[in-house]
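In the block that follows, a single chain appears as structure tokens, in the form predicted on its own.
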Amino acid sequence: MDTIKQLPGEWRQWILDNLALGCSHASMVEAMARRDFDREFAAHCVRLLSAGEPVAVVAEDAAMSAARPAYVDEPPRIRYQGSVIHADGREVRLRLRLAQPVLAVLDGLLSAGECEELIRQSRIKLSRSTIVDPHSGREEVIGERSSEGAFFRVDENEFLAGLDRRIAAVMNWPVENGEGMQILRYGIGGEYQPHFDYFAPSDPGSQVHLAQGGQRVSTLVMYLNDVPAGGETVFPELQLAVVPRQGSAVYFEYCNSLSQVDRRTLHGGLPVQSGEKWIATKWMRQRRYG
């Protein structure tokens, strides 16, 4: 039996989750290298786990995991009236919901015309998508996120101001606590490997972002078009895949009143197999953003 003594348990699970989702070995090695793993060591870990070989977890990491306080589930922020959310004059229908973690799939959040207008306004702004570097806090382009994106300020124009009010009503959180809307376009093969939307408190780079309104508390991912094949939003811990449908959305919460973050909300975007995928994302913060 080959043993990797230095691999933390959380990274072992991360590799297994990504293998189950069909992510390439090269992309996983690249992601680990960016978190200061030796490339040869990372490649060795991925090869062993993909072959079903056992991998030992470092004892210190297991102790840290056991000592981490369990996430305290609280009543959801999002509010339903039966199967409907009344949001700034629009009825948004509830298609699926989970209590722990709080997650909901919604239909009819946006009209077809609104989806098309968001895409139209985004095309002239598109640039390669970035992530927040966990060490520096700077935004950087990486291979694991193969999309183009555009950002809009809150209330940037009359059309967006109306959507911001509706979205805040759906998420049941103040408009001023929201970050500006992000629009993403994924072409064939475009994907986003499993990740968390919150800022990891232990990462030095997170402090820059936490100072601008506190932790992110919830996410709303809105689908602007139907995707012929692929592009599902997946939650590996929940064994859940949400199929993109124009005007629908998936909502989830991951930060409670104790500022704990919920690791069950690990999520990613599967590769687009046909056509393209357009989404709009809204993140809410604990306090006024900016």
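This structure is a prediction, so every number in the text was calculated from the model and none was measured. All residue numbers refer to positions in the sequence shown, first residue = 1.
Below: the form predicted together with pyridine-2,4-dicarboxylic acid (PD2), not depicted.
Chemist: Within 4.5 Å of pyridine-2,4-dicarboxylic acid (PD2) in the model of the complex, heavy atoms considered, which of 255, 45, 227, 221?
Modeler: When pyridine-2,4-dicarboxylic acid (PD2) is considered in the model of the complex, the option within 4.5 Å is 221.
Chemist: 206, 122, 215, 182: which sits within 4.5 Å of pyridine-2,4-dicarboxylic acid (PD2) in the model of the complex by any heavy atom?
Modeler: Result of the distance check: 182.
Chemist: Can you confirm whether 76, 88 and 173, the three residues that make up this candidate site, all sit within 4.5 Å of pyridine-2,4-dicarboxylic acid (PD2) in the model of the complex, judged by heavy atoms?
Modeler: Spot residues vs pyridine-2,4-dicarboxylic acid (PD2): no contact at all.
Chemist: So, residue 197 and pyridine-2,4-dicarboxylic acid (PD2): in the model of the complex, are they within 4.5 Å at any heavy atom pair?
Modeler: Residue 197: contacts pyridine-2,4-dicarboxylic acid (PD2) in the model of the complex.
Chemist: Using a 4.5 Å heavy atom cut-off, state whether residue 24 contacts pyridine-2,4-dicarboxylic acid (PD2) in the model of the complex.
Modeler: Looking in the model of the complex, residue contacts with pyridine-2,4-dicarboxylic acid (PD2) do not include residue 24, since no heavy atom lies within 4.5 Å.
Chemist: Do residue 15 and pyridine-2,4-dicarboxylic acid (PD2) come within 4.5 Å of each other in the model of the complex, heavy atoms counted?
Modeler: No, residue 15 is distant from the partner.
Chemist: Under a 4.5 Å heavy atom criterion, is residue 233 part of the interface with pyridine-2,4-dicarboxylic acid (PD2) in the model of the complex?
Modeler: The answer is yes: residue 233 has a heavy atom within 4.5 Å of pyridine-2,4-dicarboxylic acid (PD2).
Chemist: Go through 269-290 residue by residue and record those having a heavy atom within 4.5 Å of pyridine-2,4-dicarboxylic acid (PD2) in the model of the complex; state none if no residue qualifies.
Modeler: Residues within 4.5 Å: 269, 277, 279, 281, 283.
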